[in-house]
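As structure tokens, one chain now follows by itself in the form predicted alone.
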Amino acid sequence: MLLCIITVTSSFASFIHGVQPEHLSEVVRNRSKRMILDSIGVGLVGSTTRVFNIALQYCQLYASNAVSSVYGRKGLKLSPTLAAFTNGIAAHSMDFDDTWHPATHPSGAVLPALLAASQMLPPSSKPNGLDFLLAFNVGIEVQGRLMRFSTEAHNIPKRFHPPSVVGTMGSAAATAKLLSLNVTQCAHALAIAASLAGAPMANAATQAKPLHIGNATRLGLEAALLAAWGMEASPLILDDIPGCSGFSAFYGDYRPKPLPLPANSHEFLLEKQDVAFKRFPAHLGMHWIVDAAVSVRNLLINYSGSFSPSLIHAIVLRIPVSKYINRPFPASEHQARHSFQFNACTALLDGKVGLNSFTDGCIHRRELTELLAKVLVEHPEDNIANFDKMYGEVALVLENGDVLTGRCDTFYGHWRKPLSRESLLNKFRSNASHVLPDNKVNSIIATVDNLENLPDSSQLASSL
């Protein structure tokens, strides 16, 4: 069936099929390579987690067509879809992966599918590094465009976890591009992916949340493969059809627009909007409150000569309203990663938050529990639950009545205040070195830096 009428869906399919490497600007290439490197790093350190090991044991029950590599498991291979699944889980297992605006985790939903697919293809049709980079950017672009069809998507989500929705579509689009599907197949890949998308926010702060990324990247890959084998689906899946929901089912307000077909140039959303890279493994909102807490901790040290919890009568957190990250006494690692209170008090006690902050020993410290009991939460009207507008404020009310206040409007790592290359490389090396020797770590950095010149993109997957 030919797509002859210009619809929103057909415009996306035409973009996926028609966009070319020359449409990638230098800014987009550099930003997307930073995303790829960071995502690999958090995936590698994520391969050390309990939730990853549970998923891996499950996937090893299905050993047929084991051609695709698994993060941090040299010599072990799975089928392409299960490798994408496990590597997607690794990328989000610590909530350490990148975040965009409107809110989603873009890289983890796309990169594992492309890594797996690159190893699946026969030697005669292996995509080169530039093909891989273009497909990655197609997946990122489709996610960003879809999120901009809804105003409610701009705020911290309440119903669906965004990467489980737009990430699945991005994975399908990216894989369709890497597999060189025709226009009609690209449209069907998107429509099939829409039937596989969606996960509820209630599973945030549990071991099930990383499954959202694993499923997004796996199911998007499956959608593209099904389309390649001839499966058909709605040709209007992205259009707003009254009385018959397609992709609009995920949003209360849905106003889609066609995606222009690239001509001599195309301005990718990544050109205008960089991503946020996390400095520690927790929900993005925690980064504002941690920087504010470190700031007020330094004020207390200057005020009294040392940080002494006994001087503190109350701790006031001024944060946006967001129920699933307002957790007064988190009991588990995943709850702690989604707790304003825990991250603020940890930063006050330790002067930082890091990988070790979420171990059982740190979570259940007596000193931390005592600080958590002093926390009060306020929701100022001007503090909006939106990653582009929110702020974090921590006020210490001292026993003598004095008040010290720390505030963060833009944390280091936010798209308005991006990590330097040195900081990004330090994060990658720290993460990757948990499972790889230094020479391998440096080799991956060099491969990603030179990705557009790589003759066979599957070499990147093989190095993990």
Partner chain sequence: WGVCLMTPTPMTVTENFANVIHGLNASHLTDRVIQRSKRMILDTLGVGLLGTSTDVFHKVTQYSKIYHSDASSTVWGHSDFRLPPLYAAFVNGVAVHSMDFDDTWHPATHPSGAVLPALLALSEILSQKQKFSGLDLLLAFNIGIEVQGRLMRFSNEASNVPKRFHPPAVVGTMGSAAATAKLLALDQFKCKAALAVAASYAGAPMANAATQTKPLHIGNAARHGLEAACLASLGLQGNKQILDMESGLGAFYTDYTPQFLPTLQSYSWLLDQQDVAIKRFPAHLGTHWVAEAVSSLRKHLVETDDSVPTSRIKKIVVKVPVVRYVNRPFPNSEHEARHSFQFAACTALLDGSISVQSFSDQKISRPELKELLSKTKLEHPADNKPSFENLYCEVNVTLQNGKMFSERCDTFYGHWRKPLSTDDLKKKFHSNASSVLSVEATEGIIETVDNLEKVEDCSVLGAFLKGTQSTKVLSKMCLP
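Please read these numbers as outputs of a predicted model, since none were measured by experiment. Residue numbers count along the first chain shown, from 1.
Omitted from view is the form predicted together with the partner chain, to which the following refers.
- Here the chain stands by itself, but in the model of the complex one stretch of 347 to 355, 314 to 322, 101 to 109, 154 to 162, 154 to 162, has heavy atoms within 4.5 Å of the partner chain.
- Contact annotation for residue 65: at least one heavy atom lies within 4.5 Å of the partner chain in the model of the complex.
- In the model of the complex, the partner chain sits within 4.5 Å of a heavy atom of residue 242.
- Looking at residue 369, you'd find a heavy atom of it within 4.5 angstroms of the partner chain in the model of the complex.
- Residue contact with the partner chain in the model of the complex: residue 364 places a heavy atom within 4.5 Å of it.
- 219 is the sole member of 282, 290, 219, 135 with a non-hydrogen atom within 4.5 Å of the partner chain in the model of the complex.
- Scanning 286, 336, 114, 82 against the partner chain in the model of the complex with a 4.5 Å heavy atom cut-off leaves one residue, 82.
- Each of 197, 202 and 246 comes within 4.5 Å of the partner chain in the model of the complex, counting any heavy atom.
- Along 324 to 358, one residue reaches a heavy atom to within 4.5 Å of the partner chain in the model of the complex: 329.
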